[in-house]
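Okay, so here's just one chain, in structure tokens, the form predicted on its own.
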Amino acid sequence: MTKKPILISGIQPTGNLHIGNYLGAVKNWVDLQNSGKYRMFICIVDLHALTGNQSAEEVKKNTLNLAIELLAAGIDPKKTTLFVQSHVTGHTELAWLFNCITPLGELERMTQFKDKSSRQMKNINAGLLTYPALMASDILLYQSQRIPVGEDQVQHVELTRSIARWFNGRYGDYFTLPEVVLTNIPRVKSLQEPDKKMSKSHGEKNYIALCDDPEVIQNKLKKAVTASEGGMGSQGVQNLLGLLKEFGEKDVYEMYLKQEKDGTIQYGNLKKDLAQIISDTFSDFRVERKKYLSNQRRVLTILKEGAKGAQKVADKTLKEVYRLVGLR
């Protein structure tokens, strides 16, 4: 029997999932999982979260909450190994070995290092710089062949491929070079600042969380930018139409698109209909989330079993890597 290619992806625990996270990653993971074509690993990368400004309590709380929301969104532990990064020894060990073969210049040119450093000027830590080595470890520890990413993440996967080549060239051909699985990620923008990507860091009014109640969604969209405020009105309208395209029926989207082109569109109606559509889309999610919230022991068991499965794969990789580099 042919083995399924291994596919791994990770997500930071930074708060509730929003529709940008869903369209950009989670929806695609569920589709890939349900295709039956891959051996799936989804990792909650809590170690990466330490490079930010969250408190210990926030990291702990957000990690459990993210697990709950991933399960509620359709990640099935019977089909996907769902685990927490820090629960599997090997991620940091392999990352240190990769730090020792990765040129400093390669890390300094990473776009994410520059972006994150500019956003947290008072906390430019070494972890921000060596972040890609840990990410490479997350991928290569499982000999992953497929990495689902959007175009903005291709640079990181390319560095992971380079790290694998540097290791193979120095210690012998061992690591598989992962291939990018490019996903068509819609450009979901902030509701209040549509020239920026939707992000929790911009405040609650700027994003729609999957767990938001219908009235909250309605209120957020009601206040979404559509008029030409600072020249961003057109971007705001396009953002709302883009969301309607992703979540609504084709005929409804085409109706509003036509109205926008001929100047007859009523933005109030667009916002009201979009709010209802998004609310309906995640009604099951809200129900499932409440179930998992009331049974957190089950969630912890799922994460424990996931870590156990991931650890078996990690141990096999580390044993051979340590032999190759002369540590065993």
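Predicted model, so just to flag it, every value in this text is computed and none were measured. Residue numbers here begin at 1 and follow the sequence given.
The same protein also exists as the form predicted together with tryptophan; that form is not shown, yet it is the one meant from here on.
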May I ask you to state whether V321 is within 4.5 Å of tryptophan in the predicted bound form, using heavy atom distances? no
At the 4.5 Å heavy atom threshold, is I147 in contact with tryptophan in the predicted bound form? yes
Examine S9 and determine whether its closest non-hydrogen atom to tryptophan in the predicted bound form is within 4.5 angstroms. yes
Any non-hydrogen atom of L243 within 4.5 angstroms of tryptophan in the predicted bound form: no
Counting any non-hydrogen atom inside 4.5 Å, which residue from I75, V84, L159, M135 sits next to tryptophan in the predicted bound form? M135
Single option in Q153, T226, N239, T102 placed near tryptophan in the predicted bound form, where near means a heavy atom within 4.5 Å: Q153
When tryptophan is placed as it is in the predicted bound form, which of 62-70, 44-52, 286-294, 270-278 ends up with heavy atoms within 4.5 Å of it? 44-52
